[in-house]
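We give structure tokens for two forms of one protein chain below, kept apart as structure 1 and structure 2.
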Structure 1
């Protein structure tokens, strides 16, 4: 089996885990390029790899020529990077994986643009489940219709430090003594007021019933040790309840370790002939 050639945008927490997995012998893939607008992040990742990628770059200049030699581009950088790199990759006929999935909810028209180019160029756009679980059940349930999807996110109060919405509401995070609901609304509003929750809400919305119908509740709980996401859904299929207690990544506490693992599991799914799960 010929190895897939991969380009990675973003050499941070998730990018590093992905590249280490590709650098091992488990996936039928090889790294061809690394891009990051902080060269020091490329440098520390590059030196840690056994098999060095051919190209490292700090911007999208000359991307078109490089893409000709690549089978899959993985975006694990930022929302801005989705427009900057994913659109040209699709236009050149390259499959993509998107981790900054919040961009598809926050940047008006981006989802439709990506869908239209992917169809025209016959490309695949992979969106891993990320830091949330239950996406498989939602996708299956959506085949006959889902009536309700609710996401409850529970974090320790310090997880909301610096949040503008919390400040405007006059909520004093340090004086919260028991679980307190900070927000209830739909996913489109939630990502505006709580950008920290953006990827989970976006992935759930895309898998289920869309950003305006997906309900989101955000809770600050001094008793919470981890970032918890609970998904409740019901419809013709029955009821679903999933709770994930996420371990934060050592390098970036905002990113759950499960998000990087879910990207690696998606790569495994791409490169192996037997695909388990929906």
Structure 2
């Protein structure tokens, strides 16, 4: 079987894990290009790969020409990168994977635009489950009706370092001595104020009952050793409760290792003939 040619946008923590998986022998894929607006990220990743991609770039200039040679574009950079790179990829007839899922909630009309172009061009848009479990149950339950979905995210305070919402609220992360709630609201607000931390809120809302009906609570807990996501849902299907205790990425404590593994598992699902799970 001919290998799928892949382009990756974003060479940070998750992008690096994805590229290393493609560079191995388990996926029927090959890496064709890398794009990141930080050249040092590209250089670090490029030198670590056994099979070097043909093209590396630090911007979207000339993107149209290289899209003609790829089968799948993976975005794992930022919410802004979704519009900048995913839209052109779809318009070129290329399948895409989106990891900055919060963009679909935060950027007005983006979800509808992506859906429209994907239908017109007969493209697939893949959204991995990320650092949470239970997406399959939510999707199944939504077939008959879900009354409520709640997400509680608990991370060590350092996992929220640099967050603008935390700064504006005057929260001193270093002074937190016991579990402290940073935010309570709906998913659309959560991904706006915590874009680095709760992409899972966007994914849950898309799989379930929508961004404004999905409730989110975000907690900083100095006693937490892992990034925890708890999902509660109930409806005509029954009750669902899932708790995932994620190992934080060694390179970036804001990111759970499972988020990268979820993207890699989605790539395996794309490339393998047998599909397991809803």
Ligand SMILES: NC(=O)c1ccc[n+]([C@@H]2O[C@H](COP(=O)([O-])OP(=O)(O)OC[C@H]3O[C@@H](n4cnc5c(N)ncnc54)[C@H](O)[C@@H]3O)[C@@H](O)[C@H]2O)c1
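We call the rigid core the largest set of C-alpha positions that still match within 1.5 Å between the two forms. Residue numbers count along the first chain shown, from 1. These numbers were taken from a predicted model, which means no experiment stands behind them.
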item: Structure number, where the criterion is the form predicted in complex with the named molecule; value: 1
item: Flag for residue 223, CA shift 2 Å or larger between structure 1 and structure 2 after aligning core; value: yes
item: Residue 121 C-alpha shift between structure 1 and structure 2 of 2 Å or more, rigid core reference; value: no
item: Yes/no, residue 207 Cα shift of 2 Å or more between structure 1 and structure 2 with rigid core fixed; value: no
item: Angstrom displacement of the CA atom of residue 194 between structure 1 and structure 2, core fixed; value: 3.6
